[in-house]
Each structure stands twice: as C-alpha cells, then as structure tokens.
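Single chain ahead, by itself, as structure tokens, in the form predicted on its own.
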Amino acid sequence: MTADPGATERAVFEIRGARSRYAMRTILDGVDLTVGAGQLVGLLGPNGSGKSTLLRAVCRIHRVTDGSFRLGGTDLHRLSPRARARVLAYVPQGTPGPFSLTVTEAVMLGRTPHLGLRPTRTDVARVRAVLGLLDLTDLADRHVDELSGGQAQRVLIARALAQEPTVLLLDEPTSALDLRHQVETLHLVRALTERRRLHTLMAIHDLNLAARYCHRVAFLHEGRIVACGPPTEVYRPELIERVYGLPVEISHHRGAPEVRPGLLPDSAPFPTG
C-alpha cells in the first residue's frame, strides 16, 4: 500500500483540551485550536496569557496535565524526538546566547533530523537556499555571537526552516527585528506557509502586524481562547478591551483592521521620586 502524497496537505494540526499548571496557578485551561495546511494562525494576548506556554507544550518543552496534539492521525507526543523534529520546528522567543558556530553551521543544525553520518549535497543546498530567503547569505561565514540581536533571530528562523517542517511554531519571531525586517519576515513566513502548505502557529504581540499577515488569530485570556477567526471578524473593541484592559479604536486600511490604543482608565501620573 503506497502513502498518499496529499495526506499532509489535507491534514489538520489540532490542539485539544490543553491544560497546564505551574506553582499552583493555571496557565492553560482547556485550550482547543486547529490550524489547517497553508494557514498562519496568530496567538494574541497580554503577557502571562499562555501564548509561549502553549507553543512549548506542543514541543514537549513544557509539560501539560492534559491535552492532545495531533497532525492528522498522528499524535505528535508519541513520536520519538527525532521523528517529531522532522515534522515540527520551533523558534523560541529572544535570541540565542553567545556561541561560536558560524551562521551556516548554526542553520545546518536544522538538518539534524535528516542527517546521516555527514551533510549531503542536498543538506548543503537546503541550507544555502534558506540563507538566501532570510537575507543571511552575506553573513554565512560570520559567527553567531558576532551578530546583532535581529540578525541572530533570523538565524533561528532559518534553522527552523532548514528542518523542512510540516508544523512551524514561532514565539515572537519579530521581537528583536527592526521595522523593515519585521515586515519582511512576516511576509516571508506567510508566503512560505502558503507555498509549502505549512501549519504555522505564531505568538505575536503586535495586533496590527497580526491583522495584516495572519489568516486567523486566536485571543488567549487567562489561559483560555476567547475568540478565534479571521482578524476582520474577531477584532472588536469590546473584546480587545476585555483581553488587554485597555480601550481601543478600530479602523480599516486596505481590508485589514488597524488598532489604535486609547488612554488607560483612571491612570495616575508616574511617580516623580
């Protein structure tokens, strides 16, 4: 019996009933979420709402008390670490600590789940292609600990893409990037998600960038998803005020909602002493 080559494209990445507690505090409280092939889904919510915890739970970096994480009929948590790394790639928040690998060597680490005794011509070609996509070719021989924070963050994204994953998890991938590279990176992530039929789940703080580049967004509040859908449908002032505790105004530009924050209610002046 031959494998169906279209099975991955038709598969849905599903999170069901994810629960997690830490130090007697509930972090995730029964999270359900689906990501279809070719979809970029943004996780929105304030600090402490559970965005990063959810991504780490999918990777088994963070332990959950309950829940399942499946791609089609495959339970990702039942795969071996090597098999899981062939399916799932994770880009953590922030930039890597100092280490002496070159950019090429660091990105080649993404090929580890596919490597034999040594990198093949295919592995080298994959890494070169990803370096070009992330505008890192000119930095290929530089050491990662010599790079700026934004450049190092792009190396992490390149390493994840070199894995050729089916599920891509991104935790604040633009947090260390300047405005131009924020836009370029999100444009690239969306394009690759669509072209390669990836299932991409991304934690992001910027509501306006999320509205522009995400196919769907999910608002997390106190460990629960309180709204999920296309930004044009779920960006509502009353919802965003409930989630963030801040009044907002919403307008639309080129078909995408734009959020403008209001003033904090009953805000007191900053102390002068």
Partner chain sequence: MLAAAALLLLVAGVTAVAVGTRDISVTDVVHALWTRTFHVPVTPEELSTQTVVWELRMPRVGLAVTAGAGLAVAGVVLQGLLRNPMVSPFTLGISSAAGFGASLTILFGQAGGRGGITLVASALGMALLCAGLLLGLSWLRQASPVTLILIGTALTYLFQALTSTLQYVASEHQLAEIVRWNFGSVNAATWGQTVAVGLPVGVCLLVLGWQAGRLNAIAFAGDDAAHALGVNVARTRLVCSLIAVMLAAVVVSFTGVIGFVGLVAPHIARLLIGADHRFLIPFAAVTGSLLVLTADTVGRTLFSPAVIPVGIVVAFLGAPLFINLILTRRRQFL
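Numbering follows the first chain given and starts at 1. Under this definition, the rigid core comprises the largest set of C-alpha atoms superposing within 1.5 Å between the forms. Not measured: the values here are computed from a predicted model.
What comes next is about the form predicted in complex with its partner chain, which does not appear here.
Worksheet item: Has each of Gly149, Pro173 and Asp178 got a heavy atom lying within 4.5 angstroms of its partner chain in the model of the complex?
Response: Checking in the model of the complex: none of Gly149, Pro173 and Asp178 is within 4.5 Å of its partner chain.
Worksheet item: How about Arg56: is it within 4.5 Å of its partner chain in the model of the complex, going by heavy atoms?
Response: Taking the distances in the model of the complex, the answer for Arg56 is yes, it comes within 4.5 Å of its partner chain.
Discussion item. Is Arg128 near its partner chain? Define near as a heavy atom within 4.5 Å, in the model of the complex.
Written reply: No.
Discussion item. Taking its partner chain as it sits in the model of the complex, is Gln163 in contact with it (heavy atom to heavy atom, 4.5 Å or less)?
Written reply: Judged by the heavy-atom cut-off of 4.5 Å, Gln163 is in contact with its partner chain in the model of the complex.
Fill in: Non-hydrogen atom contact Leu88 with its partner chain in the model of the complex at 4.5 angstroms
Yes, Leu88 sits close enough to its partner chain in the model of the complex that at least one of its heavy atoms falls within 4.5 Å.
Discussion item. Exactly one residue in Val124, Leu115, Ala191, Ala140 has a non-hydrogen atom within 4.5 Å of its partner chain in the model of the complex; which is it?
Written reply: Spelling it out, the residue with a heavy atom inside the cut-off is Leu115.
Practice prompt. Look at the stretches 129 to 137, 101 to 109, 183 to 191, 71 to 79 and give the one with heavy atoms within 4.5 Å of its partner chain in the model of the complex.
Written response: Result for this chain: 101 to 109.
Worksheet item: Rigid core fitted, is the C-alpha displacement of Asp171 between this form and the one not shown 2 Å or more?
Response: The answer is no, as the C-alpha of Asp171 shifts between this form and the one not shown by less than 2 Å after core alignment.
Worksheet item: Do you see a C-alpha shift of 2 Å or more at Val183 between this form and the one not shown, with the core held fixed?
Response: No: Val183 shifts by under 2 Å between this form and the one not shown.
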